[in-house]
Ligand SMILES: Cc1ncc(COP(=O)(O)O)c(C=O)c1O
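One chain comes next, on its own, written as structure tokens: the form predicted alone.
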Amino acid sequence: MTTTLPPTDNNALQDAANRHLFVGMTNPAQLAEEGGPLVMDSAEGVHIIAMDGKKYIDGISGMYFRNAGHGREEIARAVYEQLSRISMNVYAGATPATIQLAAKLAEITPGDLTRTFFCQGGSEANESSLKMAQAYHMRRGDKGRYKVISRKGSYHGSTYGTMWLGGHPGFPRTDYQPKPANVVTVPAPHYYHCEFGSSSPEECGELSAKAIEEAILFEGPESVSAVIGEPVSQPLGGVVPPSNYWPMVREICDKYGVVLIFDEVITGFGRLGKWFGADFVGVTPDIMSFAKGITSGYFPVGGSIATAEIADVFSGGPEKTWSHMYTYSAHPGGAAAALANLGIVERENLVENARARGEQLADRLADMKEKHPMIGDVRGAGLIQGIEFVADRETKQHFDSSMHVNMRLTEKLIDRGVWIRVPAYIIPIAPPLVITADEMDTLATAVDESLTEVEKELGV
């Protein structure tokens, strides 16, 4: 007997979700205790409307991807019209939308980034970039280059290979062993928690870059394929590296023939108030991974765009072919969504809005830091910013997990109509790029009031 769930019964849907659905990074008992999961009925702009009628500001753009905001029928129509004509590629074939999108990316990305491989999301994009880098070395006769250098406090995906690149406080890897032998991890240029005890951001940047060079030399340059990092890293609340860091890393990679990969899955397509993080830090990588904001999440699309120098080694006879693809690579529906989305971003000047609203948010966060003793640091750029809350400002010690400070803050924010599930010890703030000045003020006020209430509960 088949039972059809009523599509508007919030309680029945929540119960069915808890019984039948793996909801990412949580579990049924936890969700039930929180009164969830959140079952969404509709969304518009920066707001999501739950099945029970409650309205929330989407404080982290879904998962850092709803750049153009919710409810964009133009993107949905583009996908429908494309799938109505042709729904998928064939071997050695391509569709006009996918070709147009590849050409558009070559136009808007910095430097000589020119040829794109398309996949379905950020994890696959970073897997593809790493494979492309190693295959590039192979084509050039450097067969021993297989090691990858990444940084602590970064996040590059959830596949077995990418999850070990960096470290996310909300995504422990205790269930997944062993660590891949080709992964080498070095300190991040995070001045607030600088592992070198630096006396200035510039010193932290210099020593963090030198740590990459030291790792290359220790492992042997002939064994190192790539360095991968986000221009501004998300897991710890938008860590902006010192201005000297990425230029130094670029020079180090060039010196030892190592491929530099930028993970722009989150930072790409306007979130930093620039089109790409590469523009923000003034450095062009050899390969750029992207996803999320390219379609604002309306269709799963990711990819890797390479410079001509990288791409051209895969051109020639059959032995030159890059042996890599996924079933849904270069999906025309995704390409149509991306083209429509990028048209909105350009037409509505959302990159500039991200810059302006980011400055507004930074001002509010600076004021909060002066006001709230539990704020250890505020950081970020554009519309990827964060608050690190601490039990002691002097020692930078975090609250004991048994105090559930992150859950308390989550509850207070939800009560004030802001949907942000606070992980560990960071309040991430990354709303859609369409957010207005008034909406940003509402969001910031909700964060401010939530901190005040939690401080009273904790006796801070």
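Small disclaimer: the values here were computed from a predicted structure and weren't measured. For every residue, the number given is its place in the sequence shown, counted from 1.
Heads up, the form predicted together with the named molecule isn't pictured, but that's what we're talking about next.
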| property | result |
| --- | --- |
| Heavy atom within 4.5 Å of the named molecule in the model of the complex - residue from R151, K292, H331, R357 | K292 |
| Answer option from V265, A306, A381, L165, heavy atom within 4.5 Å of the named molecule in the model of the complex | V265 |
| Segment assignment from 184-192, 110-118, 346-354, 153-161: heavy atom within 4.5 Å of the named molecule in the model of the complex | 153-161 |
| S123, heavy atom within 4.5 angstroms of the named molecule in the model of the complex | yes |
| Touches the named molecule in the model of the complex: E230 (any heavy atom, 4.5 Å) | yes |
| Residues from 363-385 in contact with the named molecule (non-hydrogen atom within 4.5 Å) in the model of the complex | none |
